[in-house]
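One chain follows as structure tokens, the form predicted on its own.
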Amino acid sequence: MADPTVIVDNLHVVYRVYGAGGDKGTAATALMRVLKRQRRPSVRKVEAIRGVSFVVYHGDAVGIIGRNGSGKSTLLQAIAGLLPPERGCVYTSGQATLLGVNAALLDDLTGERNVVLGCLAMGMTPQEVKERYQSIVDFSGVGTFIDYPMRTYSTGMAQRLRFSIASAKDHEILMIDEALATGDANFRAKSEERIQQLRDAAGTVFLVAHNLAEVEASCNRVIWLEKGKIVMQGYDVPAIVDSYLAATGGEPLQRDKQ
């Protein structure tokens, strides 16, 4: 059996919403409460992840599926260490890199500068950046826009460049949050191939995507979340996807018969 790379043990993640259910009021009423030294508004706890446990191994590509608000992105952020657990633990064998639609790229800098800075931030040497720069640009498909500020990019172009930068290095644990949603068919095919290369290099990939065909093409395992809990998980990806579609009223996937 391959070595484990991620262990999630009875994980609970809680968001606290201040003022929920209390006197909403205005800025003026809030000021009056402060002046009168009234107690702060009530706090409502929202359990985003509730008792999730699983083990992921080297070479696994895990698709995380579920409806909006089911806890998919929260789970990835917790694994990456960006959200503290309320209870439970997350153990990783190495640095977990989260690539999402909000991955940090600087709008006022050109794509070229973002490529360089992004690669350096991942620990590449200047020589490695120089060697891989052109392949990153070619993979992203942004063409001459690489010399323009990021604020001139479409959402799809920016997301493709984010993925190209992040996937230029072999990560032990790479988490992709809806980063491929706007790519065209050609880019999605290249991305699926790159995810397979990351797996072959003994890495681990987590993929959050609403496109279930993309999950089936890229992942050998799937976790179905609903209201912060695991409904199903396992290596029979088509069966779990079919169960999810049946439960949510989705159309069955059209699969090519071999």
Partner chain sequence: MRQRARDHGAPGTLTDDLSLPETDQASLPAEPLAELAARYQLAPSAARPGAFAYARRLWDRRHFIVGFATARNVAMYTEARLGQLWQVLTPLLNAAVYFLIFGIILGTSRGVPNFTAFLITGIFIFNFTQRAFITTSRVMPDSLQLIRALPFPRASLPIGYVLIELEQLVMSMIVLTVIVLATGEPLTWYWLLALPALGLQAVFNVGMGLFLARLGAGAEDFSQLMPFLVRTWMYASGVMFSIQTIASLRRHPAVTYLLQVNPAAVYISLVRNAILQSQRRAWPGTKPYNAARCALYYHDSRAVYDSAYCHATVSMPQLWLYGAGWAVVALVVGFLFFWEAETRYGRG
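Positions refer to the first chain, counted from 1. It should be emphasised that the depicted structure is a prediction, and the values quoted were computed from it without experimental measurement. Heads up, when I say rigid core I mean the largest set of C-alphas that superpose within 1.5 Å between the two forms.
Although it is not shown, the form predicted in complex with its partner chain is what the next lines describe.
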TODO: Spell out, yes or no, whether the shortest heavy atom distance between residue 230 and its partner chain in the predicted complex is within 4.5 Å.
DONE: yes
Open item on the list: Can you tell me if residue 29 lies within 4.5 angstroms of its partner chain in the predicted complex, counting non-hydrogen atoms only?
Closed with: no
Open item on the list: If we define contact as a non-hydrogen atom of the residue within 4.5 angstroms of the partner, is residue 197 a contact of its partner chain in the predicted complex?
Closed with: no
- [ ] Check whether residue 112 has any heavy atom within 4.5 Å of a heavy atom of its partner chain in the predicted complex, and answer yes or no.
- [x] no
Open item on the list: Is its partner chain in the predicted complex close enough to 81, 98 and 126 that every residue in that trio has a heavy atom within 4.5 angstroms of it?
Closed with: yes
- [ ] Mind telling me which stretch in 184-192, 138-146, 155-163, 114-122 gets its heavy atoms within 4.5 Å of its partner chain in the predicted complex?
- [x] 114-122
Task: Displaced residue check between the shown form and the other one: residue 87, CA, 2 Å or over, core reference - done: no
Open item on the list: For a quick test of reading the superposition: does residue 162 move by 2 Å or more at the CA between the shown form and the other one, rigid core aligned?
Closed with: yes
Open item on the list: Does residue 73 move appreciably between the shown form and the other one, meaning a CA displacement of 2 Å or more on the superposed rigid core?
Closed with: no
TODO: Indicate closer or farther: the Cα atoms of residue 57 and residue 167, in the predicted complex, relative to the displayed form, with a change of 3 Å or more.
DONE: farther
Task: in the predicted complex, whether the C-alpha atoms of residue 162 and residue 59 sit closer or farther than here (change of 3 Å or more) - done: farther
